[in-house]
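Here's a solo chain for you in structure tokens, the form predicted alone.
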């Protein structure tokens, strides 16, 4: 690991000013679970680290105007233990509890995870399915980006050089909403996802009024499943519909092969995960 300057801003404004002044010479440090590995492997060589961990205002999880707002420095342990998340965004809690060991969950932040932009990140498919938006602040001001528009490729986002993620917000899940997060890895725990799926469905009069389905680790970024969502909309829940939708999910996968899995397996198993998740949340009405 090469030497670097260590900076400790106490506000988002101060952090943005530092980054604007130093440009590419500096990197933001949130939880550090990804960045520190890259530093040790000499994969990145910043001349300065801007440690965000002392900005307390970015650690809040709050409810406002029908939405849940999560500060970018909230850890996945914070998310996993939040009563607000458990009540109004429990699929994100399910994803948070799948992220590494407790030590990682206590350090890793949702903002850092999003900025790292891994398509296999367990925290990202849930926020796609929740219809989240991401608030960014930089020298030119504040902007809000839909989560689907934020990621442009593996490790790539629309973040500008001086911008900082400050908040992730999503509409509250209501009583009529059902959802799930499912993943599969090399092991039953502490494993990077080979494939993952998250879904939120709004039920009205016994039918699916709206569906949002997101897939992880099967494309260059997390993706939505528009064909499957259209297939589900307006339909009554049944075993045959779930099987039909599971096949549709597999067809929308764009998996590649790597050291962890083959594309054929990922395309197949993503449909299996979706079917399991659907049968779990509708077990009370399915035979």
Partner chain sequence: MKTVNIEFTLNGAKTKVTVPANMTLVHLLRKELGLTGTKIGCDKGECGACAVLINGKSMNSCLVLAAQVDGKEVTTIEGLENEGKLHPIQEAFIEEGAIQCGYCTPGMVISAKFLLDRNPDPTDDEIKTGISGNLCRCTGYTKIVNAVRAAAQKLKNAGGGGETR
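Keep in mind that this is a model prediction, so the values were computed, not measured. Numbering follows the first chain given and starts at 1.
The following text describes the form predicted in complex with the partner chain, which does not appear among the structures shown.
Taken together, 49, 53 and 101 are fully in contact with the partner chain in the predicted bound form: each brings a heavy atom within 4.5 Å. Shown alone here, residue 41 lies within 4.5 Å of the partner chain in the predicted bound form, counting heavy atoms only. Residue 37 belongs to the set of residues with a heavy atom inside 4.5 Å of the partner chain in the predicted bound form. The partner chain is not drawn, but in the predicted bound form it has a heavy atom within 4.5 Å of residue 3.
Remark: residue 107 counts among the residues lining the partner chain in the predicted bound form, judged by a heavy atom distance of 4.5 Å or less. In terms of contact with the partner chain in the predicted bound form, the residue from 68, 29, 245, 58 that brings a heavy atom within 4.5 Å is 29.
Contact with the partner chain in the predicted bound form, defined as a heavy atom within 4.5 Å, holds for exactly one of 253, 221, 228, 33, namely 33.
Contact with the partner chain in the predicted bound form, judged as any non-hydrogen atom within 4.5 angstroms, is confined among 231-239, 41-49, 245-253, 60-68 to 41-49.
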